[in-house]
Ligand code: OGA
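Next comes just one chain, in structure tokens: the form predicted alone.
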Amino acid sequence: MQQKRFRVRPLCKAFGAELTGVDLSRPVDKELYAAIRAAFVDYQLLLFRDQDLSPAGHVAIGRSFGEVQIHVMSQYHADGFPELYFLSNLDEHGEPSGRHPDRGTLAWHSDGSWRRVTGQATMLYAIEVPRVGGETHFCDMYAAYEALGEDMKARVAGLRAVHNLDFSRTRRHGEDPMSEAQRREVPPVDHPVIRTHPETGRKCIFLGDHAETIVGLDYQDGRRLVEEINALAIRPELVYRHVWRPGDLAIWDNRCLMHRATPYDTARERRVMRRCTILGEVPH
């Protein structure tokens, strides 16, 4: 079915695929959606080039995958759609401001891991992109788990990590902290360090920059273990580095990938991105 509806080009050896022959500005019928959804589970990351995607169309595609997240950081909502998270370094005059909109995106993370019901898929759409930098890198957490030594696998089996948006926001973007109301809306939650993907049954590491410490350990011991596992998870051979073009739409599985953005010249270059995150389930 996939070959009839679109063509598949692998993005790297480990995971990821570019799907060509799909226009997501047009309605997606059930057959095409089923094929895209199957490819999403198989490849973990899907890329669609040259898309003309309106804000309403972006939200509609998100809703086809499931319940769309309304991000607690409401200052990032834009275009009249609270379902969308708008990342732009442009000022009120439409010129580069020199400010990065969210430096937390520069650290490896999984979108929405700070909620009890975590992020399933993220759909990131490129509107304007810098000439240099501003890439998005993705790392395979299935393979990262498989690469852990047996001693480390035994050490982390059954452990749970505390994920806390206030923690990651404060240390990465402390000049624009969360409000008290935002903190109350998303208190810290705990999730297994090693989760089982609900659709494939495969084990993967589930940590990233929102993970603060380990339940049951001294706080600093937990911090050190989180950082140790995060460092072990990111291996160059497991990373796909995406160079954006305007009109790119990337859809990835937060349950088995971590990702990060790369720096760019925020004072001279323009980067405008629109994101929609779809909720999944409570990790197990």
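In this text, residue numbers run from 1 along the sequence as written. This structure is a prediction, so every number in the text was calculated from the model and none was measured.
The form predicted in complex with the ligand exists for this protein as well; it is not shown, and the discussion that follows is about that form.
Residues of just one listed stretch (179 to 187, 134 to 142, 192 to 200, 161 to 169) have heavy atoms within 4.5 Å of the ligand in the predicted complex: 134 to 142. Put simply, of 148, 124, 156, 214 only one has a heavy atom within 4.5 Å of the ligand in the predicted complex, and it is 124.
261 is the sole member of 261, 24, 14, 17 with a non-hydrogen atom within 4.5 Å of the ligand in the predicted complex. Using a 4.5 Å cutoff between non-hydrogen atoms, residue 105 counts as a contact of the ligand in the predicted complex. Put simply, residue 109 is close to the ligand in the predicted complex: some heavy atom of it is within 4.5 Å. For the chain shown alone, residue 87 is a contact residue for the ligand in the predicted complex, at least one non-hydrogen atom being within 4.5 angstroms.
Shown alone here, residue 270 lies farther than 4.5 Å from the ligand in the predicted complex, counting heavy atoms only.
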